[in-house]
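Next up is one chain by itself, shown in structure tokens, the form predicted on its own.
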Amino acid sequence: MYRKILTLAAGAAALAAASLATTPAMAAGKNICVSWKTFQEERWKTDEAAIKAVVEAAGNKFFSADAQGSAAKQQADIEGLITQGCNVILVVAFDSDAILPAFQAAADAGVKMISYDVLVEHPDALYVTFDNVGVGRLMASTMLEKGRQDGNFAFIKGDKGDPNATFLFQGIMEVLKPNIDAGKIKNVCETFTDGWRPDAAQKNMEQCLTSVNNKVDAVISQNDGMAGGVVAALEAQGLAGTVPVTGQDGDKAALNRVALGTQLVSVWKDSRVLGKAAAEFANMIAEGKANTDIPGVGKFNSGAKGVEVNAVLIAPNPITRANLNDVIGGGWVTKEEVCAGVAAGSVDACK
């Protein structure tokens, strides 16, 4: 259960509105560090730029490490960051359970930790993310409103070791359950995807299509990278554009697919807003502010173990063909990137 949500709207106006008060006399020279689960996904580069800008603007130093999709390397990376004198470490966990010893080592060393975007159930860590259950709800509700309300549904879930895959599915099922219970929706395929990899998602979708003789009416894909793999599998069978597909993250390629009509929705989580907020929290914590005193904080205990943590959840924005101007006007992506290959006059944002 989560008792308080910090709502930050997407877009350029929100970047100004999301500016959070920092300690008036911020002493310089703290070390703020980030451990990325993998730096290969497009969105993390955007997050890092936002975090680094806020950290350095406060006179603090920024360091980062790339675990390259390895739980063992991430453990070693965090141990190294502790040794190097990081005051606060933001962690995008590759495996939330495997990384717990590193969080405890940090706590023992007096280093403060922030679970960034991925929940790690350590009571001393601050959890900063978008409302991932809410993202799942938005994917499903958009599918019902603008895609399909019935038929054979395939569910391409994220990595089994990432709690976000579970949170997303929770939100998805909350919305779809009435139609499933009524027999309107049939779950014909449901699979986790190793590392959230597009190639693994494509393989999962190919196997799904084979198993049901291409009789799939909708696909709930839990992020944009995997949606790309799903669409590739559908294209190979001549189904792209006729089978609605969900995603999230606001990846440029996904937003172009939305404009082209091969992806129904990308739930936009403006990582500039998330990165900015988390970096400001990190600066505050480095100066001695308690997690309980962070602006917008509430209690969260919906993880698999039920561990209560302090958390700030940020609201996302579902992007469909109807509101592509939100991401263009917000400076997230250019009109040219969104509209590449789109038939003239077919989409308002591309006129």
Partner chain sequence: MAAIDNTQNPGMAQEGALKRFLRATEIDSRMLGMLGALLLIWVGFDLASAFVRGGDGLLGGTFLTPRNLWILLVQTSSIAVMTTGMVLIIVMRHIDLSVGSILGFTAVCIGAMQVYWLGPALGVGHPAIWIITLVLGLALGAAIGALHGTLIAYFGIPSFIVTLGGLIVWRGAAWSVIRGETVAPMDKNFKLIGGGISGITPGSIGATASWVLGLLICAAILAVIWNGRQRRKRFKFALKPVWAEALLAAAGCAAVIGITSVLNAYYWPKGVVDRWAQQTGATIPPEGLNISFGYSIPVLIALSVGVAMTFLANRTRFGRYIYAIGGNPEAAELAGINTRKITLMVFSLMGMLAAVSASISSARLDSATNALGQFDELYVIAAAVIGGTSLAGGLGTIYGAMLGALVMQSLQSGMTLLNFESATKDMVVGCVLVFAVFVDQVYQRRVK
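The model shown is predicted, which means the values in this text are computed figures rather than measured ones. Positions refer to the first chain, counted from 1.
There is another form of the same protein, the form predicted in complex with the partner chain; it is not shown, and what comes next is about it.
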Distance check, Asp251 to the partner chain in the predicted bound form, heavy atom within 4.5 Å: yes
Residue contact check: Pro178 to the partner chain in the predicted bound form, 4.5 Å heavy atom: no
In the predicted bound form, Asn204 touching the partner chain (heavy atom, 4.5 Å): yes
Close approach of Arg197 to the partner chain in the predicted bound form, 4.5 Å, heavy atom: yes
In the predicted bound form, segment of 265 to 273, 225 to 233, 105 to 113, 167 to 175 with a heavy atom within 4.5 Å of the partner chain: 225 to 233
The single option of Leu209, Ile185, Ala71, Ile82 touching the partner chain in the predicted bound form, heavy atom within 4.5 Å: Leu209
Residue (of Asp97, Glu190, Asp150, Glu145) lying close to the partner chain in the predicted bound form, criterion heavy atoms within 4.5 Å: Glu190
